[in-house]
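Taking the form predicted on its own, here's one chain by itself in structure tokens.
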Amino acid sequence: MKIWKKVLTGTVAMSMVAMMAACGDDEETDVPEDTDTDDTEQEDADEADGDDNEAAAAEDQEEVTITYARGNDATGSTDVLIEAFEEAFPHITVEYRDMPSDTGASHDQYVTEFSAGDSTIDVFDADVIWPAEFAQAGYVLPLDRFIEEDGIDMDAYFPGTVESGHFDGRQWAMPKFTDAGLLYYRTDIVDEPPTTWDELLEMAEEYAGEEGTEFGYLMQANQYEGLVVNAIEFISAYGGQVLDDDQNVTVHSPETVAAIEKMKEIVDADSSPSNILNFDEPATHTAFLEGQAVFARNWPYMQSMTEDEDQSRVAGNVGFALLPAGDAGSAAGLGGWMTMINRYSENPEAAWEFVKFMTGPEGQKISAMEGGLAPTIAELYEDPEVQDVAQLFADEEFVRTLDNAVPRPITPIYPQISDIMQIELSRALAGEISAEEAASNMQSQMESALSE
């Protein structure tokens, strides 16, 4: 906690200055026209008045307790974050509520409580795919008024993280920490990673079998949410999209067809595992850590695992890079979490103060240093203390990946959209239907779902 004393001193000082300024505006002091009080005496008197006003303001601040909910935090960073906030805002007490570690279970519990108008939770963390759904359902407060009043610079955040919380012309969530897909590769086999998907295919075929490897490339191709993320990366890389900004379905396009065909080509490659359609993140990192593959797509969490000699046979021989590019460039699927305010909160102003602190520079630095969570504010990656936390945070390629990250479809019916994509993409990758048919099926089914 000591490392945050200097950071918070500035915050507290600014708060005190603001309080004193406010008191000066509200209080009027009668000063006689004729006085022989010298400047020093007057300054002392003003200082005494300021102290009295400050004390009065502090006494006037109402004690508030808010409840913050998030999934289980094994790192302990949440406790440090709350302690730092309460030190800066002593009149606000934050009660921390553990939610289920399973994201789906947390989602369902939030829906149950918020749909009943429950005000117990004030602030909560949300998966990047939830904001539009919760906004449409009326579960959360729009944050635009708070953002404007406090002059929050949303351009300081990575674009994709802001976009994930934006729906129907308003901002409903603040970015807290982020995640994005990376290409991992064996540095003892290849000198430079591939820059395009075609190059990856060629190199995967060429190098599979070297240094004890069996496979060329690993990805998440099982029928689950991970398949949707991988598909978004391909679709975006080839210039396609699933929905436009006006919620029109645009998935049936030549670009999407080309993306699915490239996915199918990789799945069918001789260097890919015969059971690639069963691969999820754990299967990917297990095989890669055992030295079975030259290349693998996974989230940043795998980087530290590759360097752990207790579980990695490839420690010291792994690099990471941007995912390969298609016709429209490179794209990484966006993951991570955001923070929102319950519409039924009885203390929205205090809730916002906590959200602002937690998702601002001070809060995100704490989360990075104490929990290893990747900041959504670009400038924090230039902070030496943040860079020391993890190799990724000091790597320009990783920062570029975060800057290029693309969100999944932003829609209040995302669960239905995801299900449609999982089913049709799985059928295409299994060879049951063509890429053209998959894109056409997704188009018609999504249009039907959105019209209901």
Ligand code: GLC
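Predicted, not measured: the structure shown is a model, and the values here were computed from it. For the two forms, the rigid core is made up of the largest set of C-alpha atoms that agree within 1.5 Å on superposition. The first residue of the shown sequence is 1; numbering continues from there.
The same protein also exists as the form predicted in complex with alpha-D-glucopyranose; that form is not shown, yet it is the one meant from here on.
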Region of this chain that lies against alpha-D-glucopyranose in the model of the complex, out of 353-361, 110-118, 123-131, 89-97 [heavy atom, 4.5 Å]: 123-131
Check all three, 193, 303 and 398, heavy atom within 4.5 Å of alpha-D-glucopyranose in the model of the complex: no
Close approach of residue 229 to alpha-D-glucopyranose in the model of the complex, 4.5 Å, heavy atom: yes
alpha-D-glucopyranose contact in the model of the complex: residue 337, any heavy atom under 4.5 Å: yes
Touches alpha-D-glucopyranose in the model of the complex: residue 281 (any heavy atom, 4.5 Å): yes
Residue contact check: residue 146 to alpha-D-glucopyranose in the model of the complex, 4.5 Å heavy atom: no
Residue among 167, 299, 344, 207 with a heavy atom within 4.5 Å of alpha-D-glucopyranose in the model of the complex: 299
Single option in 73, 255, 179, 370 placed near alpha-D-glucopyranose in the model of the complex, where near means a heavy atom within 4.5 Å: 179
Contacts with alpha-D-glucopyranose in the model of the complex, stretch 88-107 (heavy atom within 4.5 Å): 103
After fitting the core, residue 374 CA displacement of 2 Å or more between this form and the one not shown: yes
Large Cα move at residue 104 between this form and the one not shown, threshold 2 Å, rigid core: yes
CA-CA separation of residue 235 and residue 164, closer or farther in the model of the complex than in the form shown [shift of 3 angstroms or more]: farther
In the model of the complex, whether the C-alpha atoms of residue 373 and residue 299 sit closer or farther than here (change of 3 Å or more): closer
